[in-house]
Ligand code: DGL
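Presented as structure tokens, the chain that follows is alone, the form predicted on its own.
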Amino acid sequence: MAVGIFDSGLGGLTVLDAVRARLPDLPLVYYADSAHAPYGVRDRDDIHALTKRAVEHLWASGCDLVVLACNTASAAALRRMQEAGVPPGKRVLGVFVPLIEALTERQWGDNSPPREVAVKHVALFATPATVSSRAFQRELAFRAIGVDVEAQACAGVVDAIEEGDMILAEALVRSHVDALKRKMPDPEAAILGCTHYPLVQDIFQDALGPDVAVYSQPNLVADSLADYLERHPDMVGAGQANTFLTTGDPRRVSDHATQFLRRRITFEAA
């Protein structure tokens, strides 16, 4: 069986690339709900319904383990799906926790009480839906105390990246960083809370300045997944070749994905 990676669009390909580099023999099925992207402007019930449908499709396709490589889905749907009950033998994981554990310097699975950490002022850049969910702040509170988080909803950035308009994406990133710094002039660290944002990480870093530590998700998620699979080897079976599925137009999505990763990616209809 393969491991499923789900995103509303193409941002999760940054996670897929990091997982492939970390676990080259792991078969993967990538599912892009391109017909309904972006999720970041949808309401919580809509995001939950779409995410649940996609995850169930991946489960039915033989992916017993699914990674939500979408912060909006992780923020709005993951806890609700887990509380409703996951079928026996199935798992769904999000992308917030590895990022927060890196920020707070906690080991994977460290369930000790929250404690003081070195970083006190954190900027969070994410989609409007992720910001409004306050899921990042909730997960952070489980692990750290005394951390001030200032969130900036980065409207338009995902759309610009998905369309390949990097000039617009850069302009939007710099505008959102300026807006954040008006609220928090001197952040010590910045969280890129969307898997699209690694593609413009250098722009975030330049706009924030060299003294701000910028945390991005793909490698952190890949390392956490490797650790999880080492502890749960039963979640990986014989597997098949990597597969790319989309609810959108496969040709159009393939062209954008190829531009996105700078190598040929061929999507099939989900």
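Numbering starts at 1 and follows the sequence shown. A quick note: this is a predicted structure, and the numbers were derived from the prediction, not measured.
Just so it is clear, the following notes concern the form predicted together with the named molecule, a form of the same protein that is not shown.
In the model of the complex, the named molecule sits beyond 4.5 Å of every heavy atom of Y31.
Of the heavy atoms in P38, some are within 4.5 Å of the named molecule in the model of the complex. In the model of the complex, the named molecule sits beyond 4.5 Å of every heavy atom of L124. Taking the partner from the other structure, the named molecule in the model of the complex has a heavy atom within 4.5 Å of a heavy atom of C194. Stretch 39 to 47 is the contacting one of 224 to 232, 200 to 208, 39 to 47, 58 to 66, since its residues have non-hydrogen atoms within 4.5 Å of the named molecule in the model of the complex. The partner is absent here; in the model of the complex, the one residue of V173, A76, V158, V92 having a heavy atom within 4.5 Å of the named molecule is V158.
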